Every structure is written in structure tokens, then in C-alpha cells.
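Just the one chain here, laid out as C-alpha cells, in the form predicted on its own.
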């Protein structure tokens, strides 16, 4: 049986290796496989998260139920075994995040390439797929090198994030011609842009704060102020949950989530009482980072030179409100070239979850970021690529749906 795998990333290489006993050809239009893997985890490649299935599924933002079977069939321990068995030693760090022992993403690429090649897969580089045509007995794959017939095709073409690595969205046109619906792609896990000019606090990292919107409950953790908005772990998480929200929308920072409004007011009273001779603008240093204070003062409407013993209860209430609900108007994000993953892709309602085979065309399979699935940071997205690639490859080799 001849199987074509379109895309030589994590999903494609895993699919090629798991299609046991078949003649497999991997087509990739870049000069080397795994280009996006090189930059995963800042070059360290956090390839999975060693947690139970329920925890894993809770970290999937889009279409979590669809992935239940794949994640059960190919677990984080399977991911570790796959890499270890193909020459890549691994380790698990804080937050259950698994990395190559060398901290080199290139070792993950080598292991996945070995896995594919151990199954006899042929990898064709600089080979762009221009079209895939359904025939009576399979598919004709049309590339820059010519045309070739295959019994089955596995599409692992990625999304649109970091297009310089090859995930440029060009395959969506082919997918639509094959009769599938593509949910409009949007950037996910990406820094957010705000209407407010926060450049005076650029580079500030806020520890143990929370971030929310009207629709999304508070997300706790660290946040970074950028020249034109917000980034850092909880901003990226918010971008994932809000990836299909229309801009602009309002987001709120709670600088002191461990304190209730009443507790924060009592804290202000204590701080002010210890600094009776200070002006208001100099009396918040014990509560907030210096670069944030000017924003609070300006938005509070309280005169910065007012002695703290003259600050009224109403004015304190306004300060408390700002510290607990610092409003930002999110007007956009940094786009696909800065997004970690793509939200959107092949509508999963048109794909069998147990096999990754198309419900529309027999012998056509999907894996990885090509599908409309995405997750939070922590190794989940990479594992989704491995798991769906494994299921697609092994199912294509077995030739059943379900």
C-alpha cells in the first residue's frame, strides 16, 4: 500500500513512522524537515506534558472531546518512549513538561526522522504539493516534481503560525477542493495589543496577578508589559481562550488577586498611615511596581501631590477598583508570525476521531495543526501533533475508519 504524507513536521514524521508495512513518501516543501520544531520551546522543544488524560484534555482549548481517543491511544509516556527508542534521551521538568535531555530541539527532529525512516519512509524535500486529486482507486498527488498515485493520503500541513517554517496555510485551498470545511484560522498563544500606551512600563514582569475578560474567568500567573500591549504566560493563555473574540474587547488585570477589595482597602490605610507626610504619588511604592503607579494615579483622578492623609474614602475606593480591575482595551494581537499555534483548520466534525480519517473521502487522513484543535502552552500542542500523527498513520496502514 502506498501512502503519501504531506508535511514533514512532528505530525507528518510520526504518521510516516506509524504506517507500518506500507510504502510511505513524505513530501515537504522546505529544505529540511521539522523547521517549526527547531523553534519550539525557544529551541528546547517541550514535546509533551506528563499528566493523566483528564488533565491533558482540560488544557485543550478547542475541540477537546475530539482528541479524547487519540490522547488515550498515544499517551505522554508513549511520546517519551518513541523519542527514547529513537536515540533522544528525555527529561521532565517543572510543570510536568518533557524536554530532550540535551535541551536541543534538533535531537527531537533526528529521533522523529529516524522513526519515519525505520519504517522505510522516503522523505522528499523542496517538493511542494500543488494539488491532490481524488481518483477511482486512490489519490493523485501533484507536486513541483510531477504527479504520483497513492492509495491513501495523510495531510499534516500545519496551520499558519510562523509561516517562515513552512506553515503558510497554502494547503487550505487543496483541503477545500477535496470537499472539507476549513474553520477560519486565527492566531493563538500570541501577545495582545492594547489601545492603552503602556510603553512607560515596557519590560515589566508582574508576578502572581490575574487577567480576565467579561466572558473568561480570571487566569492567574505572570504577565509582561510590552511596548504596545501585554505578553507572558497568562496573556498567551487569554489569547487562546479569546482567539475567536471580535476586537476590540476589554480585559482586566487584578494586581492583587490574593486580596479582596476590603482587604486591599485596609492595606492602603496601613500603608498611608505609615507614610503620613508623603504625597499620594509617592505612597504606593509598597503596593505596586513603580512603573505602574503613574497609570493608577492618572486613571484615579486623584491629585498626585495630595498628602496621603487627605485621600478620601471615595478616592481610596477608586484606587482599589483600579488595582483590582485595571481595564485594558484589547485591539488586536501580534499575528500569525508571532503566534505559537493556529486556532482553526479542518472542521473536526468531518473527521473520525478514532482514526483521523475523513468522513467525506475514504483514504484521506488529517493530523496535527491542520485540524481545528489547539491547546495551552506546556507541551500539549506538540503532543497533539504526535498523537494525531500516530493515529492517522497506524489507521491508514490498517485501512479502517470508525
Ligand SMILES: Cc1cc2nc3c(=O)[nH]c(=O)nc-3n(C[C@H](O)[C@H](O)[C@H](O)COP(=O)(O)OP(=O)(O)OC[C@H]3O[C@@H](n4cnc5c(N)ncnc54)[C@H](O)[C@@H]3O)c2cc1C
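Positions refer to the first chain, counted from 1. Note that the coordinates shown come from a computational prediction; the quantities given were computed from them, not determined experimentally.
Omitted here: the form predicted together with the named molecule. The next part is about that form.
At the 4.5 Å threshold, heavy atoms of residue 128 reach the named molecule in the predicted complex. Residue contact check for residue 168: one or more of its heavy atoms lie within 4.5 Å of the named molecule in the predicted complex. Heavy atoms of residue 346 never reach within 4.5 Å of the named molecule in the predicted complex, leaving it off the interface. The named molecule in the predicted complex comes within 4.5 Å of no heavy atom belonging to residue 361.
Residues with any non-hydrogen atom within 4.5 angstroms of the named molecule in the predicted complex fall in just one of 157-165, 322-330, 240-248, 219-227: 157-165. Residues 6, 7, 8, 9, 10, 11, 12 of 1-16 are found to place at least one heavy atom within 4.5 Å of the named molecule in the predicted complex.
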